[in-house]
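Just one chain is shown here, as structure tokens, and it is the form predicted on its own.
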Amino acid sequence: MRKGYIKFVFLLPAVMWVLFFTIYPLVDSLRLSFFTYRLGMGVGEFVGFKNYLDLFKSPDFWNACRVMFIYVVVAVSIEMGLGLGFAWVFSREIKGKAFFRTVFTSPLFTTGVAVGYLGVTIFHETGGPINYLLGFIGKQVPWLSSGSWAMVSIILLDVWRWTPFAFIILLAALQSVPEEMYEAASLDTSSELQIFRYISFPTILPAFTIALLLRLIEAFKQFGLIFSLTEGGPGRTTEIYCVLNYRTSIKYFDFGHGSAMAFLLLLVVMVIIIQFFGRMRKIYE
């Protein structure tokens, strides 16, 4: 009998952690999204879905959604494409593969804030190394003072940081493809492209889908890199959804609208996850 209780004693800290630091904040945040609540003034009156409706009327909200859509689609597409390409190359026998694989995966262990502040130095328009090198060909790029170039700098840093994530997953998937499949395919064709198209990629498609799903979830909640690099500027041209949520909740202390924004994002991510797994079931039924 005592042995039966011991396992619950060891599980209790983990259960308490989830309850107090995950479930309770989630439920309380949902509650606040239906109230007017500003820090220092306490919880105000119940307003129902007014906070959500106010967001749909806000041009800043739609601008943040547009910026987030551009960032997610462009950055994640490049990362998955590069990750797949590098994984295909490194799955072959090449000289120095172990060394280059280690170097290539090192950006994955950095933090978003650190990469953002590194980008401030790299993309500095007067003293940065990139514009210094471009100066030799008479070219200067307004990396952080132009809205379009600021987005390009964000995407470049994000691609550098997160491509190794796709690379690791897809490399492991490619290395797990049975060699017999390649030997059988080589009897019909010698084209590497056709082997990849009809053998390799269909085989690693589940791993590719999971990597894409995880990367999408992470991209939707991107904050540290963008805030430390541009703080959403110049103007609001790089003010992604989570940066606007930060300004609303932390800077302006409007936790009612901030909580509503957070749950709208949660709803979008949940829909994406459901759609992905629904398609996966149809493919493998």
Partner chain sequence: MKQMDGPVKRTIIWIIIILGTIWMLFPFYWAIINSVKAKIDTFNPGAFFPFINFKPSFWAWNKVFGEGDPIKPLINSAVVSTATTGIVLLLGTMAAYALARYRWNIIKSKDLTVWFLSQRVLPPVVVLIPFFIIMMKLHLLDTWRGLTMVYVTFNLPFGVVIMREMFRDIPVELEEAALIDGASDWQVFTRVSLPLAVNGLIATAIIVFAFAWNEALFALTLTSAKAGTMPVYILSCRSTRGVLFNVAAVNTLLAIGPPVLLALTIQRYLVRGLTFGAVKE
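Keep in mind that what you see is a predicted model, and the values were worked out from it rather than measured. C-alpha atoms forming the largest set that superposes within 1.5 Å between two forms make up the rigid core. Numbering follows the first chain given and starts at 1.
There is also a form predicted in complex with its partner chain; it is not shown, and the following applies to it.
Of the heavy atoms in Arg92, some are within 4.5 Å of its partner chain in the predicted bound form. Contact annotation: Leu53 falls outside 4.5 Å of its partner chain in the predicted bound form, judged by heavy atom distances.
Among residues of the shown chain, His124 is one whose heavy atoms approach its partner chain to within 4.5 Å in the predicted bound form. The closest non-hydrogen atom of Ser148 lies beyond 4.5 Å of its partner chain in the predicted bound form. Between the options Ala185, Met80, Ile169, Val72, the residue in contact with its partner chain in the predicted bound form by a heavy atom within 4.5 angstroms is Ile169. In sequence order, Phe253, Phe255, Gly258, Ser259, Ala262, Phe263, Leu265, Leu266, Val269 are the residues of 253-269 having a heavy atom within 4.5 Å of its partner chain in the predicted bound form; the partner itself is omitted from this view. Remark: with the core as the superposition reference, the CA shift of Phe263 between the shown form and the other one stays below 2 Å.
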